[in-house]
Ligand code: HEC
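Coming up is one lone chain in structure tokens, specifically the form predicted alone.
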Amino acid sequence: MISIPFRRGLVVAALLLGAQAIAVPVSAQEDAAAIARGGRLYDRFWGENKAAKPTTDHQAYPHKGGQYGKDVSWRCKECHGWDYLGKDGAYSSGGHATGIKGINGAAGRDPAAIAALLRAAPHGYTEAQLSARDVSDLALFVSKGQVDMMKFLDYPAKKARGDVAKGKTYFTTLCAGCHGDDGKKVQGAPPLGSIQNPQEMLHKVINGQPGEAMPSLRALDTQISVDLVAFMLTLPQR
């Protein structure tokens, strides 16, 4: 069953985009919802499924007691990157670099096999952390939900290969109601423009924000999300 925020996002986007919107069969919509939820679990599982926040370093994380906090080491994105390329992508260097390979090699694999890997070492996610449904959705995301971000993003320039004007139209109709025209409306959150990380932005626009009623745009053409990111990177940083 598609969540209400997700379904509302599809309806609004379809009205806005007309011919550009993708007509997705119900079964495919259900898959898209599960894949998007898997993407949110990949981002921060305890924010999405309300499991207990980890208080110890993940056993496979190389930077024990690192600068980002122990819980961060349990986020899939921390080792494998927002772009799913791990050591070969945006996290090839810098403070988030771990030297761990990405999940891109698992794209297209049997979700059941991926689910088994999530339970086994070195991942070792327990049922208290990820339920059977959680593991299924996360595995489905790894198998079917990865986006080739190098195709859509200019890594050296830290920009999106999108149409800023179109992105502004999408943002003001789809996003500004919650985020404000300047990206500063959400209380207790940093301005959207301060997140100058196109890989993170694209992942969240496509899949949504863990635990929040933010619609996923996964069922729409990826270029729409890329255009949104192109505009969001121009928002005020303060």
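Keep in mind that what you see is a predicted model, and the values were worked out from it rather than measured. One-based numbering along the sequence shown.
There is also a form predicted in complex with the ligand; it is not shown, and the following applies to it.
Contact annotation for the candidate site: Lys101, Pro122 and Val142 all lie close to the ligand in the model of the complex (heavy atom within 4.5 Å).
Although the partner is absent here, Leu174 lies within 4.5 Å of the ligand in the model of the complex, judged by heavy atoms. Shown alone here, His58 lies within 4.5 Å of the ligand in the model of the complex, counting heavy atoms only. Among heavy atoms of Ala230, none comes within 4.5 Å of the ligand in the model of the complex. At the 4.5 Å threshold, heavy atoms of Lys204 reach the ligand in the model of the complex. Only one of the listed residues (Val164, Ala97, Met150, Ile114) places a non-hydrogen atom within 4.5 angstroms of the ligand in the model of the complex, and that residue is Ile114. Residues Glu212, Ala213, Met214, Pro215, Leu217, Leu228, Met232 are the ones in 212-238 with at least one heavy atom within 4.5 Å of the ligand in the model of the complex, listed in sequence order.
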